[in-house]
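Next up is one chain by itself, shown in structure tokens, the form predicted on its own.
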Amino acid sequence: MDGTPAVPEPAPAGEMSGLPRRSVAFIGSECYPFVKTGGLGDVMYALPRALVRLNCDVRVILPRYACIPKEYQDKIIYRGEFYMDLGRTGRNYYVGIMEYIQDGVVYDFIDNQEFFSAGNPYISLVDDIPKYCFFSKAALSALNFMGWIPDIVHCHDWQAALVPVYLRTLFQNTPVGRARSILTIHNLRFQGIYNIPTIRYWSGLPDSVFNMGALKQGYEDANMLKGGLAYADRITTVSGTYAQEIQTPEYGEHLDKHLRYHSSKLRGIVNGIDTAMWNPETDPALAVNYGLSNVLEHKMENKLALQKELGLEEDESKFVIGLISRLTNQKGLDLVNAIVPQVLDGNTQIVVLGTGDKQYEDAFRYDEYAFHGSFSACIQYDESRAHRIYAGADALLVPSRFEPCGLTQLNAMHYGTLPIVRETGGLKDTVEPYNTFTGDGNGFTFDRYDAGLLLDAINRAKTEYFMNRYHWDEVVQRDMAKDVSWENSARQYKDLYLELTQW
């Protein structure tokens, strides 16, 4: 039957098997496995797949970057082409549509060599502003060209933030103009800010949108994300706590007042993880696969294999702490650097995986040299090694200054590795502090951004690990049993789509 959810689970309140299908166009700048630089790529991959299982019709619209791997470039098929005017350039630009279908999701790639021939998706604002003005307009034009008119246009981050603005202005009287729009903020720090003449030139948007209530910021700048927030029918972000935090000056990145004004349409929906890709029972990267029933035996084998792989002292009794992160100041790495000597007490090892700012890369390389056999610095991005760290570590550190959602703590819990996190954003929403008296909780937390409090949280974790292993093992099994999949989040998005389209 047309309205029956594909997932045979009890429907939550408000979801009936007879509900009509909804069509959704996801528009964003990256999507695994084609191109991924961070969590946005994971969400653009996993959420559409989960929505298809909930009886949504989903298309994902992406730029056809030159950096997309050849195996996918060879499989995409030509769907059509047209020419489109852009802004005040006085030129018509080629728009090709290439298509790829996988797991019930249709991926449409917007092709244009002039804008998408660079090796990386993001270069610099002076290159990226024209590119994403073109992409936002071309995505809506392509939907009209294909005659596939969605109920919802779901846009992601500043690169697609002009879509809701275009929808209510230049596209208002076209077929796609009837769609409702949602803009999801994955990280508020990046906003697409440039001077008004440049964005007006490339976007071709009417002067009426360049006011303080929409795109204008300060005296002479336009902010693409700010405009999208003003024009979208709903705003979501990737956790309930982050939705509250971004309305404050501390976390609002100068948009807190704007977000407070639009707070009635702001929602927080926490991300999930793709439990097919992240599954210790089937993960091909692991030394030994394991599940909930045999985690206590096989996790030790993965620890020993990890220690051997990284040149650490091979001893299963050591407490191994993992840190998998972009090495930037957002991630709380200055706190970590401040306490490494106190943490490495002879019973503890630390494994760092990631790339980023030179100051952190150099600091961790020095720690590896100074604490040889107890500290490993893998200054690289290695997805399969990340899987082995989740499986082999006892705890995972996420001491972020701010964290919209965070996926590493969810991955860790699913692999039976307990998170040690700062109470901010999605970390606060997904990690409940362990209570030594009641045994409740699923990780270890600290609140203020302070190195001493981080050290205290690590020491509390070590105390449980070494002194109360029975309790520690209980939490490991509780975390592995916890549902961190996309199903729950996808249902909340589906409810939001239905709320916006009550016809």
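The model shown is predicted, which means the values in this text are computed figures rather than measured ones. One rule holds for the numbers: they count along the sequence shown, beginning at 1.
Beyond what is shown, the protein has a form predicted together with a small molecule; the following relates to that form.
Proximity of 107, 139 and 144 to the small molecule in the predicted bound form is absent: no residue of the three has a non-hydrogen atom within 4.5 angstroms. Contact annotation for residue 332: none of its heavy atoms lies within 4.5 Å of the small molecule in the predicted bound form. Remark: residue 478 does not count among the residues lining the small molecule in the predicted bound form, judged by a heavy atom distance of 4.5 Å or less. Among heavy atoms of residue 390, some come within 4.5 Å of the small molecule in the predicted bound form. Interface residue remark: residue 325 is counted as part of the site for the small molecule in the predicted bound form, having a heavy atom within 4.5 Å. Contact with the small molecule in the predicted bound form, defined as a heavy atom within 4.5 Å, holds for exactly one of 209, 386, 310, 270, namely 386. Put simply, of 430, 223, 408, 424 only one has a heavy atom within 4.5 Å of the small molecule in the predicted bound form, and it is 408.
Contact with the small molecule in the predicted bound form, defined as any heavy atom within 4.5 Å, is confined among 228-236, 408-416, 260-268, 209-217 to 408-416.
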